[in-house]
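Shown next as structure tokens: one chain only, the form predicted alone.
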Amino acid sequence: MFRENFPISMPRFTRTGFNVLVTFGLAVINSGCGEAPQAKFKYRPTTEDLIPEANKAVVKTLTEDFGTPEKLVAWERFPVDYGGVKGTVAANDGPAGAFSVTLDGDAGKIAKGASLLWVTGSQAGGKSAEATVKSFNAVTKTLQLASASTAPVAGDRFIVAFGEDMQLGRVVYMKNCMHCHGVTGDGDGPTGKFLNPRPRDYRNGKFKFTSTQSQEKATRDDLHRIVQYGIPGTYMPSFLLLGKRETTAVVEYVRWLAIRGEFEKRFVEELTNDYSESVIVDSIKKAQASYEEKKRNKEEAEKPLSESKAKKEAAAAFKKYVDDKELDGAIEETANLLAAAWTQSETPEVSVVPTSQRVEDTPESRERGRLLYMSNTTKCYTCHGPTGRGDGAATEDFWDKPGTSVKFEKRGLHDEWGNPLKPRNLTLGQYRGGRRPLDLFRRIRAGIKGTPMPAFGETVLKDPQVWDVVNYVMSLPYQQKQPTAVKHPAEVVAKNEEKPAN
């Protein structure tokens, strides 16, 4: 059992070009067992690798703009529904403490005793505790507060019951998700290390199974579907019995964790080349090796800096970086990029929607799909195997790590997080992204984010061709035997290249 306490403070500060940030705390106590251990967000290894001055700045930024697990920060710049009803004072024309309002949300969420947070006006940012609702008349849109305070004026903005949904999402997450996905959402919970495949690491801002195009973020509906139905063939269970409000709240909290994680990743990437300790040490080693080589060749050479001297110079350079407001610029640029990306994911333009109905599932369609599956256009067989059993030749190769020329230590495919990745055995009829024909269409059209499964855009496969492949793939679990002897992939490819599918 959990007991929750949700204190909400007044607005703390604004950053140039940013919306108001407000904090809401959460204390979770395990009744009967005393106070539970305090949860903490972990920082990325790349953050820990920064010189102390840069590391301190990153930690300070994350704490001020996102908070801690026990006291989250709501940064309104991001498209996150923290909960509550926003409103504006229409007129201060009622009895003491009462005023008429216009609301931007559901009036049903305004109840007696609900907290009210002033966002603008003379009471915003004050030291006194937030006001509470005494009564609300939904017909006249008149709101009365429980305690007298400075009278608001027309145009003052407020939020009633602010942060309640995010607080609920955090409680649901810590109870049901943290054990695998970790407090930070890094997939490194106490149970996660024992699971195969490993739980999702949200911090790259990527989710594998989405309804959006290959470079776009997941939608809320995508995450709802995963929470409700789980991921077949993995340890991600279905939470279909979780209430609608709880599901909505935990989805919003997961999105918030993903945004926080990706913010840290992108922000630190801006600093790594100049202020990473490992980069500085590596540069010194290379400079020292070059210096020694030139000395052996009796060439003129300048002695490289010592490690301590190089780090002092980096610290001085970072101070100038901060003083010149370049750090603030990096924060704003990162926030703008993420806000735009997560907002765009909810627009119809980036959704993968077929332009034609599913091709009739006939033997002819399946054969066309099989030829495409075995073609050089798709090369599906290289990973999923000639018969769809997930045993293609690619599973025996040593592949390069993303963005490097360094190969993985083990054979086979890996995802973007470095986890071993076995191609799906299509003969089992178990599809992690969903078993609806539309789900398979989207996997082919947009690929699987963070994995080697590519996206086959309309310039590669037209919609009818994608449907042919879907029909073929969905027929594999029900084939008792191949109608003819299975041919070598090269032979099938040659045949397909002679007669390309329509």
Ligand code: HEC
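Keep in mind it's a predicted model, so treat the numbers as computed, not measured. Residue indices: 1-based, along the sequence shown.
What comes next is about the form predicted in complex with ligand HEC, which does not appear here.
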Check your understanding: 345 to 353, 307 to 315, 110 to 118, 172 to 180: which one contacts ligand HEC in the predicted bound form at 4.5 Å, heavy atom to heavy atom?
Key -> 172 to 180
Exercise for review: Verify the flagged residues 422, 431 and 440 against ligand HEC in the predicted bound form: is each one within 4.5 Å by a non-hydrogen atom?
Suggested key: yes
Check your understanding: Which residue, 291, 408, 78, 239, has a heavy atom that falls within 4.5 Å of ligand HEC in the predicted bound form?
Key -> 239
Review point. Which residue among 250, 359, 268, 338 has a heavy atom within 4.5 angstroms of ligand HEC in the predicted bound form?
Key: 250
Exercise for review: Answer for residue 91 alone: is it within 4.5 Å of ligand HEC in the predicted bound form, judged on heavy atom distances?
Suggested key: no
**Study point:** Interface membership of residue 202, ligand HEC in the predicted bound form, 4.5 Å heavy atom rule
**Key:** yes
Check your understanding: Is residue 446 a contact residue for ligand HEC in the predicted bound form, using a 4.5 Å heavy atom cut-off?
Key -> no
Check your understanding: Closest heavy atom of residue 46 to ligand HEC in the predicted bound form, within 4.5 Å or not?
Key -> no
Review point. Which residues, if any, of 197 to 220 lie within 4.5 Å of ligand HEC in the predicted bound form when only heavy atoms count?
Key: 197, 198, 199, 200, 202, 207, 208, 209
